[in-house]
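A single chain, nothing else alongside it, follows as structure tokens in the form predicted alone.
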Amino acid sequence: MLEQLSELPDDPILGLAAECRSDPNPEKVDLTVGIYMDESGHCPIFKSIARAQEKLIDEELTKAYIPAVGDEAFNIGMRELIFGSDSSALNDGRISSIQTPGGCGALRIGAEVIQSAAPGAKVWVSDPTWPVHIPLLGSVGLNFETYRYYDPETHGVDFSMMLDDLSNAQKGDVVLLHGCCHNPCGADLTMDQWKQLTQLSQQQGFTPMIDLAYQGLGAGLEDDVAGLRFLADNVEEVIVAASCSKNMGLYRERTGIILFQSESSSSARAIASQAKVAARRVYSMPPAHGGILAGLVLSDSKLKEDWIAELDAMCIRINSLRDQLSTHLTAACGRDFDFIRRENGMFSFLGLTSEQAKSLRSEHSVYMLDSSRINVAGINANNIDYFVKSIARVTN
């Protein structure tokens, strides 16, 4: 039976990262995978997470399964972090959640619950979007429509076209939104645009689903969810899939959460039961380590204070890199790269052709996707000059 299977190609992003690792050029630059890198080019462990881990090692007495919903402190902390402690839905018991294996697991369980409620429901995704969205959500039988989002001419959100497309979204449809730091383009919605989307959701009756993988890496922990919170305060039904990979550095610990805001506390309990049953058939029990670490950080005032300070420093560094790239690329290439400064988070489309992106890889060992999407956090003081000169060589 199994010998009939054919070999499938590698994931294009992971494949490029592997190609970069095998490149012997000492000046190679890896801007492929969405992982935060520090000035030394390493993915750091948060000091607050390391201290939480020491505490866990000292206090942990068992390796028995944790509850199906996950670590209690993690669930409580993440609900407050995302919706705010003053959320009426939170205080009324209208928000339920379960811990998942990363943001991917959160998206999958969200899709399972949607499929249970409305088999074959239509999910609207942005063009472009994170390429794994469609296989993750579509694997349960959901259907898709796209809405226009990014304008490559202005390097920003084409909001009028977005509204025009989403005016066709109806009650029973799901509209997938990026909470902040849009992956892959870095162009985010303004607060006014979030308000207009909220009004459209009220009018059309569609359910917003928000992928929140980068809270704290755009403009800060609170600012990055201001639009999400406005929407949640004014729309009864909202789904949020969140990840702690980036903002806590828990990549390999696979720490995520799916949250459901519903119209009543009884509905919240029913949805939670559906999510737990879905999790049982997909992966059975959530991994404990990352969720417990995140829960310790979010529930300990000193650890949380230290974590926020570390996260703020990361955010400041990313925004500083955006300023530097914008200035240096504009000067070196004789074209306007100011859009990089206006974007948020780790990603940006540089506006290069696929041929230029391929030339950068083959001639200069600068690795980015063919779309010219880069991970800004892969730039540092040691490679920025080489990177800018390489871009100038292929564009001039």
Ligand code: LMR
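Quantities reported herein were computed from a predicted structural model and do not represent experimental measurements. When you see a residue number, it is the position in the sequence shown, counting from 1.
Quick note: we don't show the form predicted together with this ligand, though the next part is all about it.
In the model of the complex, at least one heavy atom of N183 sits within 4.5 Å of a heavy atom of this ligand.
In the model of the complex, Y214 approaches this ligand with a heavy atom inside 4.5 Å. Contact between F347 and this ligand in the model of the complex is found at the 4.5 Å heavy atom cutoff. Although the partner is absent from this view, T32 contacts this ligand in the model of the complex, with a non-hydrogen atom inside 4.5 angstroms.
Note that among 32-40, 45-53, 353-361, 323-331, the stretch whose heavy atoms approach this ligand to within 4.5 Å in the model of the complex is 32-40. Scanning R79, R94, H155, K246 against this ligand in the model of the complex with a 4.5 Å heavy atom cut-off leaves one residue, K246. The single contact residue among Y150, Y147, W130, F206, judged by any heavy atom lying within 4.5 Å of this ligand in the model of the complex, is W130. Contacts between stretch 362-381 and this ligand, counted in the model of the complex as any heavy atom lying within 4.5 Å, involve R373 alone.
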